[in-house]
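Below are two forms of the same protein chain, given as structure tokens: structure 1, then structure 2.
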Structure 1
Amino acid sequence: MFHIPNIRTLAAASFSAAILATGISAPAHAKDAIKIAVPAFLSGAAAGPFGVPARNGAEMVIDAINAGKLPEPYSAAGFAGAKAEAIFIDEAGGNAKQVPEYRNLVQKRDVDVIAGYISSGTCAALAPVIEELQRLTIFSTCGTPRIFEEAPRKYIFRSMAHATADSVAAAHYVRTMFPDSHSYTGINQNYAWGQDSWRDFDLTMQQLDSEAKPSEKTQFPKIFAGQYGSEISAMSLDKAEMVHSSFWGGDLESFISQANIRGLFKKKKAILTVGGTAAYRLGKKLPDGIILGARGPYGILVRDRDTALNTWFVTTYKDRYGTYPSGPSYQYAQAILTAKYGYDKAMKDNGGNFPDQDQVIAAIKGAKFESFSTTVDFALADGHQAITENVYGITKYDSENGEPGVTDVKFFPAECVMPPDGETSVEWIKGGMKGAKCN
């Protein structure tokens, strides 16, 4: 079918031709749209606790950016003026599915940005593929420190701190709040995320506590196992005073339910580094007294933080979805905001012209900006790995308001819980965490 231009189109073309004839450069106009792919678990055991809240956070913020409804300093509509078409894809299915899916997003669907991913295993598998295909990708959540420790990356950014911050902050919290507790065991999923989380917590405890006593019978069940009766029995018999777990998704909720029935939380202090995702879903069923993390300053731990961005985020999310935002909601929203920051700054740096991918990458590299609940600082991995503060509290159901709550909330600076640039997590912790600024 032929396209017949209207009068306005012809006039615009004539104007452009006239400018070219006089040698005057015409101002560049923003693209009408960009495409942002948002992978998250939309099916399976991780969907309800993690993937759906993540998708909701991304969707809400993309809609607000398109409409120019974010608070300052992000109120300008669009990504460098372009509206974003969001393409939500299911992260379920493992690496055998996600690697070809990523190739399809880049080579066939020609997306401009990929922002998301929850699983550390998926991110580790995708990292070399991303560098091969050379498409801007912002990891929103996946925790393994190995992404940037194993190789430099040009096209990958991670917009939140990695797992080392969770474990180091947890150890600091224990030493601050429970100085007389020295022995601990753990139950963590048997893959990169669980292994790294336990390693970093154990190493940090031994650095901070001369009397630290790790159990020799720590548990590493298969991811998505679902049933933990034998592990709970073993930990109940263990003499350790505390139980550390980086469980997430359906595994976390199953473990909390099964351990609560068996009385494990009455016998031992539980440290749940990703426990914040379960708070609103479990409600009264979440036991009091759990040491709770949310993989950073997100979810229930920052719900009452009084800033314009956080107030907007919490209020808008609650009105739209009928519940408060959890950690994944914040984390995915933060990845989308990173893309907006990069596009807008790149356009400004480019004299108002719509930026290309390399210019957006240059704008994000080393950036520092305010997000919904914290400051994001791309301080590590040559400006590709963000650091943020970390936070823990203790669960206490709020009977007066009929909702979950936390007490004794403590924040730990980013420079306290993340290694300095150029050092791996293990080297830094084993070396006594030199340079850490915790006050």
Structure 2
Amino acid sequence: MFHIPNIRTLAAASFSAAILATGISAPAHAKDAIKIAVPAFLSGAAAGPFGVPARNGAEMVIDAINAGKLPEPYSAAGFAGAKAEAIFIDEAGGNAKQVPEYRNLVQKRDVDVIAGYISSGTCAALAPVIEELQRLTIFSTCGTPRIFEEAPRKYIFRSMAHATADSVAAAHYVRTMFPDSHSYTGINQNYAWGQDSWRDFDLTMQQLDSEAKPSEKTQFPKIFAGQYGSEISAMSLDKAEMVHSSFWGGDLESFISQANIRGLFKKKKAILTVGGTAAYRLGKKLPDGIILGARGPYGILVRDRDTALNTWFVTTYKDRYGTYPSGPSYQYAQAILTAKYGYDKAMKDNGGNFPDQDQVIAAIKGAKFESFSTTVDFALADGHQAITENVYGITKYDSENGEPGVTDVKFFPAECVMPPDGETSVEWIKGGMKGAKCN
């Protein structure tokens, strides 16, 4: 490669230097305020089940941190003392929209931290851009393992386990609770999330159960199809004992109402890997006896965890928004807390001075701390990918209090459901999940 003088410097010499000033980012110095951008779906189908609860979770925690109202050990006000201004942006509109929007956040609106993102496709599309723009970004919810499998990342963290854990834990749960059921079919949306979820679940089942019998006709309807009459018929005629689904949002709720009245859940055990997001939305309409996941230890599955942080989170959320926090609320709150943890620790390491971005990154790298519902351990991808335990349960409506609940809740340690560094998810599962510690 040739070395070429910076074009922009040359151009600046011959034209005006004044215009250039906007392009240079300010050096880090002591601040009394930082800007945190929180992208989440605010419009479209994912707004209700994900975006709005996510936004609420982030908003509530940012407010509490600014006011110094979080329980110990996070009661110090601010991010390294600085108050945060939250900027909420819509994640809808596709990747081609989100890439320039991310650029705007960093270069035009000059935010310090970006914490959020739900769509895997968007996270994957943004990853190279984030590395190029070099701004601390904490992915909160998106699940694709690709982010850190493709390349090492310096500026990206992900504060929850990736999607492989959900599918692997689902298979473990089924094997533990229903060792006599071997045959299963699936209904998953025909896009990357649905395809990956089914693949990982199917592969794991085949590893854990020598008699595993996947159906030949698994359903992949189009996302947002809404009408599942034919699919429910086809699955009713199928002999499989279990149905796996990674449906979410309106599709999931439509599917549950249509399948419930047609008795599908009486004939087959349903495993809904993201059913947790629908639990409170469906309320009494969520039938009993469904195996429910929430993409980790979040939402309805950990509502009754008796820790100071969790109790604070659940009660404050319910007071402020009128419902219990669902998975995305927890996940976004966790991403914000990661930033808080990073800033505070970096300040301590920096002798009490306000840290610069590199110091915050160094502080988060490999960190292990208590979040609202679980322990977050940035153990993978050189300390950038968090691992947490995973959990499944079975729905049981609590008619006494008039709210949905879960029974038979089982937790699986992080080391059991996440692949170790250096192996892709599929290789790891196919290789028999070596190194998994499940007890």
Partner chain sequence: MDFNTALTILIDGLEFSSYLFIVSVGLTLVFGVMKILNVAHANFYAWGAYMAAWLIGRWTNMGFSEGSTFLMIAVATIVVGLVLGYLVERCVLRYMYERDEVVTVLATFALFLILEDAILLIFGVDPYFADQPMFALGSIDIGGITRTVYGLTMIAVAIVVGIGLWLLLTKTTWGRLLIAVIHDREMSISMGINVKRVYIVTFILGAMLGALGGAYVAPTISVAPGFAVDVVVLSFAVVAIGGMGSIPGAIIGALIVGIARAIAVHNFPQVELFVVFAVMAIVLVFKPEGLFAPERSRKI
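Computed from a predicted structure; not experimentally measured. Residue indices: 1-based, along structure 1. So that the term is clear: the rigid core is the largest set of C-alpha atoms that superpose within 1.5 Å between two forms.
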The form predicted in complex with its partner chain is shown as structure 2
ask   = After fitting the rigid core, is the C-alpha of G250 off by 2 Å or more between structures 1 and 2?
value = yes
Inspect the rigid-core superposition and answer whether the C-alpha of G229 shifts by 2 angstroms or more between structures 1 and 2.
yes
**Asked** On a core-based superposition, does A339 travel 2 Å or more at its Cα between structures 1 and 2?
**Response** no
In Å, the rigid core superposition gives a C-alpha shift for G263 between structures 1 and 2 of 2.8
